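The chain below stands alone and is given in structure tokens; this is the form predicted alone.
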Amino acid sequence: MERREVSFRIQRYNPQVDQTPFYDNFKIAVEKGITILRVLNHIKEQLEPRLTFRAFCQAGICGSCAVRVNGISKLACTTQVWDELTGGGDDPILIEPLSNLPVIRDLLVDIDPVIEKLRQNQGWVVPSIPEEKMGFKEHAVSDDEFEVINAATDCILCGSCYSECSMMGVNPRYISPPVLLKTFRMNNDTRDTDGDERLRRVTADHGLWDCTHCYRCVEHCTKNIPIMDGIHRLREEAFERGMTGSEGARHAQAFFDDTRNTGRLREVTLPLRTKGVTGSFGMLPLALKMALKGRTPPLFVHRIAGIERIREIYRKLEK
């Protein structure tokens, strides 16, 4: 069996002792087929007993061992050391805690922010069966009904999408991908009765409409869940339920209308249609800077040559 010495660079941090994080380096001989979690266990058992991390099932099911490996959030128990070798195998493998979550110690992060956001946004089924009758009557879900939420039920709340989300790094109050995915899953569960209220919560400030479509949550989901599909469906549902009063909804509606009418975005009036008269005043300094740099968008927008083809697509979708 192939075997080689591999260097590992692991972030360490004990907030009770250390002012800032630092890195420890370990060089150990590993066999091909060894996972990152096996390496962490070896280091803790043989080299550095104070190294702290979280792990449980070791089978890619519980999600507790998620860390960042070479800058990407992954499950330590399913990530092969050999797959992470770079520089011909000479570069150290970097192991760090998940981003966007408080570090308790070393690779161990506090997931309470995720759980609290799930609690605030009712990330569970609200059944139609009264509580006193629970357990006496089965509420069956057909195969076709379950297929809608099948992929979303694979979420193990490992926190990888939370760690990789670009909006989370900018705004810690952002609702986050796992909460939006859970909202989609619950709102499309045929046993649930609270979809309207749940959707109202997630479309509030720092919610559904703040997603930047960077797709990092999809790219780095450890269970390959199409999270953005759920987010897009929630936006469609918001329009279907008439929840169009927020800035995000008005912004999306403006893009929708401009594409259908001219095939081009009317950027000059976009702030007014999104933020209203009062809200648009706050963008005047930016507009002035753009004008001084010659970046002012055209006042009048002409239809593109193929506008009828676009309108035909709209008509088919609306049917």
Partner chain sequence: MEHTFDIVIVGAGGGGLFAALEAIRTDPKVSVAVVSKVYPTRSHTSAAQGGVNAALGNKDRDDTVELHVFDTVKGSDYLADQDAVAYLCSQAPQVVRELENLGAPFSRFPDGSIAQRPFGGTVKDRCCYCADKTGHTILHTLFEQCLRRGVKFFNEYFLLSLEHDGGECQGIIAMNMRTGAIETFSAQIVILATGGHAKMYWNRSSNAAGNTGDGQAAALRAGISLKDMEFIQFHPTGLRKSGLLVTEGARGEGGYLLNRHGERFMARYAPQKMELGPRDVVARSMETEIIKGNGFDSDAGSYIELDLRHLGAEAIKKKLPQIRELSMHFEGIDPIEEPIPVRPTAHYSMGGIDTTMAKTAVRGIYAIGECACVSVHGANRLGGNSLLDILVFGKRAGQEAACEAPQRKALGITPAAVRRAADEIRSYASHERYERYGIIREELGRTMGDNVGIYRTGERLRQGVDAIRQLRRRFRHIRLYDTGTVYNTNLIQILELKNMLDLALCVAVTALERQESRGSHYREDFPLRDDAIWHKHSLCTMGEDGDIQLGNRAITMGMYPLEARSY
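Residue numbers count along the first chain shown, from 1. The model shown is predicted, which means the values in this text are computed figures rather than measured ones.
Beyond what is shown, the protein has a form predicted together with its partner chain; the following relates to that form.
**Student:** Should Pro21 be classed as touching its partner chain in the predicted bound form when contacts are defined as heavy atoms within 4.5 Å?
**Tutor:** Flag for Pro21 set to no.
**Student:** Given that its partner chain is not shown alongside this chain, does Asp210 nevertheless sit within 4.5 Å of it in the predicted bound form, heavy atom to heavy atom?
**Tutor:** So Asp210 does not count as contacting its partner chain.
**Student:** Might Cys77 be said to contact its partner chain in the predicted bound form, defining contact as any heavy atom within 4.5 Å?
**Tutor:** It does: once its partner chain is placed as it appears in the predicted bound form, Cys77 has a heavy atom within 4.5 Å of it.
**Student:** Residue-level contact is defined here as any heavy atom of the residue lying within 4.5 Å of its partner chain in the predicted bound form; does Lys27 satisfy this criterion?
**Tutor:** Outside the cut-off, so no.
**Student:** Which pick from Trp82, Phe239, Trp124, Tyr215 sits with a heavy atom within 4.5 Å of its partner chain in the predicted bound form?
**Tutor:** Going through each option in turn, the one that passes is Trp124.
**Student:** Just one of Asp196, Glu219, Asp205, Asp154 has a heavy atom within 4.5 angstroms of its partner chain in the predicted bound form, so which one?
**Tutor:** The option sitting close enough to the partner is Asp154.
**Student:** Any idea which of 87 to 95, 116 to 124, 228 to 236, 173 to 181 reaches within 4.5 Å of its partner chain in the predicted bound form, heavy atoms considered?
**Tutor:** It is the stretch 116 to 124.
**Student:** Identify whether its partner chain in the predicted bound form is within 4.5 Å of every residue in the set Val6, Gly71 and Asn100, based on non-hydrogen atoms.
**Tutor:** Zero of three within 4.5 Å in the predicted bound form.
**Student:** Taking its partner chain in the predicted bound form, which residues of 84 to 112 have any heavy atom within 4.5 Å of it?
**Tutor:** Those in contact are Ile104, Arg105, Leu108, Asp110, Ile111, Asp112.
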